[in-house]
Ligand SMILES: Cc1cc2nc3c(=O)[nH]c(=O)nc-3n(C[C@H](O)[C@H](O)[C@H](O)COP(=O)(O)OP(=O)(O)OC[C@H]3O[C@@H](n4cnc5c(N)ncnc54)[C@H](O)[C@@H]3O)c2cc1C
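As a starting point, one isolated chain is supplied in structure tokens, in the form predicted on its own.
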Amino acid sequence: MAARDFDMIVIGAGPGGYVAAIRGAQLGLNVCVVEREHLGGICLNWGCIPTKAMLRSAEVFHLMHRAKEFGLKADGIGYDLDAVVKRSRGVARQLASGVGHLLKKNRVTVVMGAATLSGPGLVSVRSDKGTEELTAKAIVLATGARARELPGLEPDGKRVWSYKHALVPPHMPKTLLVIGSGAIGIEFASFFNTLGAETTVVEVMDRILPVEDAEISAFAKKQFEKQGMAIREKATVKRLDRAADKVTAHVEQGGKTEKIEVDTVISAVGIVGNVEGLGLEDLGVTIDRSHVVTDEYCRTGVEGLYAIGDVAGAPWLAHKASHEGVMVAELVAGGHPHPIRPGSIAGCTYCHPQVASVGLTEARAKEKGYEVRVGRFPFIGNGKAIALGEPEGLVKTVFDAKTGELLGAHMVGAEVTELIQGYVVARGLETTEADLMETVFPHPTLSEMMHESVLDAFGRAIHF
């Protein structure tokens, strides 16, 4: 059978791949997407979206317990874990089917199967129906990543879980150990802790949420501990002894090893890129620590071959993948898009309280030689936060003292994952402190704290 020819083939239909395909089609390219498992990728099916649905259930459950504070009555409060999971899976299904509709609407050809790059511009797709050959001048790798598995800590789906197991839990943990305190680990710790699991988080670095500003990490840690979580920093899980109904973790901290007995463990120790079985090495693609090496335009160095999203390295964020997908599609179509600026991509963690940031931390800015001005504003000084019953939080801004450039913004508290985009826009527009000070923020809103934090950096805060 003759090979089918396209202008662009995208391998992987996650938030990078399907967006690249749609943008390419909008620009008049004949586009094909190859997907081996499910449209929408990990993000829609097993990541960003279903976890947010579950965390929303936990948030409502938490608020129900606080009903009396708001002058309300709620008796017999409980939850049905199966129903929580069912809702989460339904949300994921709805969005995944929406991706299929969007691809069809934009006349993107979808081929289900496992892809291999069998030569320059040549893709072989294996499926139940056999092998099909596809050709294109441009090929976009959007194969994503999967959970890292450490020797001895591998998930088994029974008592030791990966993020996938945690999304369809076989039981509700009574005692839970979470290994790793990045976004995935902390979100699951927050969810199960809120539903009543006695939760311990073990982090190998010197603080939880290690990519965040140190002040924000410390604030978040205090809130988690208030909620009953146990936090172990500078600690390593050396071994897991598994039994039918429990797991004994050997945790090394400060030169001593302690045994922690729990009924469930979640391993969230990072991710590795899906680079195997694609034929990349034969084409001369450079792979570094399981990720494809690219330039600022996602080019791999092999003619016509691009890599976007998680497979191309940090930051491992769906919105970064989508933006890269648009950029590459525009490049392939002959456009001249701006390269992605990683320092202007926000990171969001949907634990309780939420954490969000963009740009440089205070420590990193100083390391880079900046003389900084730092502003802070606490949620307790904001009328809307108090009215919402959410007075615990902090907004922090970091400026270049010489130029007034906004170098970074860091937040912890209610709805900060929505607020952060204000600072992302500010950085994108190369806004200075003067522009932000002169901007009128509506009252009463949480966003006023963003204004006050800027004012505080320059000794002008009004409400603090």
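Start at 1 with the first residue shown and count on from there. In this text the structure is predicted, and so the values were computed from the model without any measurement.
We do not show the form predicted together with this ligand, though everything after this point is about it.
With the partner left out here, this ligand still marks one of 88-96, 215-223, 360-368, 111-119 in the predicted bound form; by a 4.5 Å heavy atom cut-off that stretch is 111-119. Contact here is defined as any heavy atom lying within 4.5 Å of this ligand in the predicted bound form, and by that definition not a single one of Gly375, Arg427 and Glu433 is a contact residue. Interface residue among Trp161, Trp316, Phe379, Phe192, judged by heavy atoms within 4.5 Å of this ligand in the predicted bound form: Trp316. Taking Gly144, Pro353, Gly182, Pro173 one by one, only a single residue has any non-hydrogen atom within 4.5 Å of this ligand in the predicted bound form, and it is Gly144. By the criterion of a heavy atom within 4.5 Å, Ala409 is excluded from the residues contacting this ligand in the predicted bound form. In the predicted bound form, this ligand stays beyond 4.5 Å of every heavy atom belonging to Phe399. This ligand is not drawn, but in the predicted bound form it has a heavy atom within 4.5 Å of Gly41. Contact check for Val454: every heavy atom lies farther than 4.5 Å from this ligand in the predicted bound form.
Residues of 13-36 that come within 4.5 Å of this ligand in the predicted bound form, judged by any heavy atom, are Ala13, Gly14, Pro15, Gly16, Gly17, Val34, Glu35, Arg36 in sequence order.
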